[in-house]
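Only one chain comes next, encoded as structure tokens, the form predicted alone.
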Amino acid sequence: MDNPLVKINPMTKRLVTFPVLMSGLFIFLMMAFGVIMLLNQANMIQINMGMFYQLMTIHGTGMIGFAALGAAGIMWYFLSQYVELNRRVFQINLILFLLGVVSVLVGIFKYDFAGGWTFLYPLPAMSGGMWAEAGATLYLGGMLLIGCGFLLLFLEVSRAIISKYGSFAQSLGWPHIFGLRKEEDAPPPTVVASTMVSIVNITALIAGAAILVMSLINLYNPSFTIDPLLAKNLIYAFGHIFANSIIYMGVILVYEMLPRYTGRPWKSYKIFLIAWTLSTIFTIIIYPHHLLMDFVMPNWMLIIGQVLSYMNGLPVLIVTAYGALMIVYRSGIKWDVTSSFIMLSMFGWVIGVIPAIIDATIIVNQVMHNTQWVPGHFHLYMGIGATAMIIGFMFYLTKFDANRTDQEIDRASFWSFIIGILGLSASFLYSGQISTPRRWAEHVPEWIAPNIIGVIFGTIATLAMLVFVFRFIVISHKIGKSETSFDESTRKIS
């Protein structure tokens, strides 16, 4: 296995600092928008209904987009230890991403686009007067720019991996799975995870680009029609895969950092490699669990969506969570904020999957899917799972590469973030249990109490995120001054 302690080029450190900062800053902003929506649903403030759906649109789009940007920074940072990556591609992706974000923001807040991140056909072209054609164009065009940037990035990651390992089969460790090569010579976990993410995201982004282009054509040529079921399948194939890939990129932080804290290597043993191969396959084909309420879907697709949804979350999650526990067990690790966020992300991943698996059951889905149960699952999965990975990476960069020391405010914010996200998610799950619909701007009195609780805990989590971002901004200018971020003398913190 490659040495996990090889040096990281200072240019790479500086390259990822800005997108990680942007990720943290805009995740905070999206959290604030979420609290505003909850305040409105709790009747604590009143905002224009059109504005509510604009905030809902940017909240979902922005949270996934900027979390993906931060997670891609984690993947690029650590993968650069093992393969030769072209940093210009990363820069091009960032430029296209920012151009796309500007386009999306103008489309939403200048031209009132409020169709949700799903932009379900034919909604962009048939708004009933709620938004201008220009708004839909800017939103769809901005999403296309963002998608093209990420597609270039994952093509570059694929090129670099294939250039070194020869093929995806080699970098996924298939020769080692089938006993053709020694297990100890298997590709490192970072390469395996990056291979999986590249395969699934190239698939997802091509599907997304196809439906975005078709939707843009339909805007200006209504005679060009799309089969609505095909459109919905393409949208959810794109959205589900891309959103789930965030945690698969972020988990690279776990594979890289826990060995440095404990002095124990994370090996790509056979079960680990099999788990990643299975998740590569399952992640691409389980998106129909979002379409279980669409009775016109072929039954076999819905059954696959249910069954494989049970199976998809388990292989990588189990080997990663179990591996993390085994590496930490009796290692003498001294916990700091960075390592705490790393382990927190494993907890968030585990508990976030549970309500998702429940919702993927057809008989439950028919009752629960269009309720607040789904945001409850997703805020657990993304908040304490994927977002915790990004925050942990922020703390890692500033602590070991910019000489930041943990302060009481960091530890207090860590616990505040946990309490806030858990309380917020619980309020959503309870709302789903009492059949509160999601995506509604106004709630009847019976639905108000959980919203008030959500406001309280959501505000706590948002303020904690503000502290994390502020601390990163203050210290991030020092990142990239040294050749290595975590040398032999600091592998085991004491």
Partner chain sequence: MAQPAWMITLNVQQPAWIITLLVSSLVFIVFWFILKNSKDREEDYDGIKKKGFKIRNVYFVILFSVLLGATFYTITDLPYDRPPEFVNATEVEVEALQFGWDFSQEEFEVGEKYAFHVTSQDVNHGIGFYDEDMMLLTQTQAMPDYTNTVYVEFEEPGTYQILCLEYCGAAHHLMIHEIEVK
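All figures in this text were calculated on a predicted structure; none of them were measured in a lab. Positions refer to the first chain, counted from 1.
Although it is not shown, the form predicted in complex with the partner chain is what the next lines describe.
The partner is absent here; in the predicted complex, the one residue of V254, V192, I74, A114 having a heavy atom within 4.5 Å of the partner chain is A114. Comment: the partner chain is not present in this chain, but in the predicted complex one of I217, M126, L99, I419 has a heavy atom within 4.5 Å of it, namely M126. With the partner omitted here, the stretch from 58-66, 455-463, 29-37, 425-433 that lies within 4.5 Å of the partner chain by heavy atoms in the predicted complex is 425-433.
Mapping the unseen interface onto this chain, Y310 counts among the residues with a heavy atom inside 4.5 Å of the partner chain in the predicted complex. In the predicted complex, no heavy atom of K182 sits within 4.5 Å of the partner chain. Although the partner is absent here, F295 sits close enough that one of its heavy atoms falls within 4.5 Å of the partner chain in the predicted complex. Interface membership of L212, defined by any non-hydrogen atom within 4.5 Å of the partner chain in the predicted complex, is ruled out. Interface residues of 255-279, taken as those with a heavy atom within 4.5 Å of the partner chain in the predicted complex (partner not displayed): T262, G263, R264, P265, Y269, I271, in sequence order.
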